[in-house]
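A single chain, nothing else alongside it, follows as structure tokens in the form predicted alone.
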Amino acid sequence: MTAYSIVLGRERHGFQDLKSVMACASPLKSGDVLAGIAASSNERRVAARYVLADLPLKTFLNELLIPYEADEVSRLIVDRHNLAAFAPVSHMTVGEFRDWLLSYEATTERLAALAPGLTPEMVAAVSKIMRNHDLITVAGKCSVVTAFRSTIGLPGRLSSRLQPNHPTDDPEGVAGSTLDGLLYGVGDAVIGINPATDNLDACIRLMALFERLRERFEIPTQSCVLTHVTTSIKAVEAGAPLDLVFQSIAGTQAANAGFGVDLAVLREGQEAALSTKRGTVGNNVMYLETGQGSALSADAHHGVDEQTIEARAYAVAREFKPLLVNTVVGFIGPEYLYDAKQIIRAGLEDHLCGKLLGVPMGVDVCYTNHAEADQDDMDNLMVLLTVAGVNFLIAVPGADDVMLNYQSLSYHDIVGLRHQFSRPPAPEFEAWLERMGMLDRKGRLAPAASTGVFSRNLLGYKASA
């Protein structure tokens, strides 16, 4: 364990180890304060950033924040590290790496080739010495493309998850929210519902509902019932029409155990979904969800700051070649991200770190009603993420999730972003919208979309079999 120190002004700042440097260099997060590891002053935060900027990137290969023998995520990170891919930046310090990422030399192609050579701790470190604009600029140069029935992450496009949650999983209510979202051109990333219960039969009924809807209207998208991975495995064994396997994940073995999973269980879920061979344009079959603070809430953070632990979750994600990964950035609550400033910063950090590691990142732009944030703040974050090239965003009816009881984006927001930034959905889904008469001559959702072929065919549609 190496101690670090620096003289800043007339004061010497000492840090007992690399974990302390990383935690103190982080932008202020209420979760790090709760954990007792945040910088005690802005001066100390700046001192930690000076130390961090001068550290060689190789430091993170030689000094693990969580020991190899104590954590299977650490073992995954070390065992999967690609030294050949790392070579182009292996001589750099964290500060030099930041400057290179912002340079013309860091092209989309070079960043993609570099991804296997980066560890989560490296990308977390460089993000800590970046301004928000830096995070947006570098993320905008990253491209991570995945596919199942639609192709997600192509440059210049913005995909969306349609989230038709219902407090009782009522089929008519779920179908109504889903059809409403489709009329707004939402859902090309996934139609994904958080079930009110993890009951296997109830989850299979929801899978069957989405399957009937997709087949009835020949919609080139995928559905997902966001139940536990073990329930999804049972659904596959029962012959259910499952497209994607979902699971919440975190950046330590202990935190994942709190979710009831480990790497072996996730691998079993991936293999189960692959066995169904339901994809048409690709075979990325996993949908994984993360969020800063989950490891701390499980007392499984090992004294590491919440943003670095979050980046470690992306190493877990990339192991399983997911179609979709998203951070539920403001969902866990103000105990971990107190206000809009912290939520916005975390959303931009998560998106950048995931993309640098080769993960197809999306974001649930959201907050709970007891956080110091409002919908104007979410407007700011959704625009910043769109500029940064986020793969997908999540939308719910009226921006209000009546089942999970939190605030997200609305279907209307997705339409507005697509029009403002000329970001169409996935090409397969865009072609479907055109066939359904829902796009105007400029490829925008037409004002008369609700009177197109799709809308007319909805007459008499029943959610039940």
Partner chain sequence: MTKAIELDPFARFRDVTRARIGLGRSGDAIPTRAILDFQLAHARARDAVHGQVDFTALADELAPVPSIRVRSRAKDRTVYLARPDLGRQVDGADLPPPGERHDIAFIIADGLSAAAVERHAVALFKACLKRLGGFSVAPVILGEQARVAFGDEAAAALGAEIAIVLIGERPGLSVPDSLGAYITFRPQAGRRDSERNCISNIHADGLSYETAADKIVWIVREALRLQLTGVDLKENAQGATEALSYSKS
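Numbering follows the first chain given and starts at 1. None of the values given here were measured: they were computed from a predicted structure.
Keep in mind the form predicted in complex with its partner chain is missing from the figure; the text below concerns it.
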{"query": "Stretch in contact in the predicted bound form with its partner chain, which is absent here, among 105 to 113, 178 to 186, 237 to 245, 275 to 283 (heavy atoms within 4.5 Å)", "finding": "178 to 186"}
{"query": "L385, I152, A250, A371 - the one with a heavy atom within 4.5 Å of its partner chain in the predicted bound form", "finding": "A371"}
{"query": "Residue (of A431, V402, L28, A70) lying close to its partner chain in the predicted bound form, criterion heavy atoms within 4.5 Å", "finding": "V402"}
{"query": "Its partner chain contact in the predicted bound form: F320, any heavy atom under 4.5 Å", "finding": "no"}
{"query": "Y338 within 4.5 Å of its partner chain in the predicted bound form, heavy atoms", "finding": "yes"}
{"query": "Residue contact check: R157 to its partner chain in the predicted bound form, 4.5 Å heavy atom", "finding": "no"}
{"query": "In the predicted bound form, R161 touching its partner chain (heavy atom, 4.5 Å)", "finding": "yes"}
{"query": "Sequence-ordered residues of 156 to 175 touching its partner chain in the predicted bound form, heavy atom within 4.5 Å", "finding": "R161, Q163, H166, D170, E172, G173, A175"}
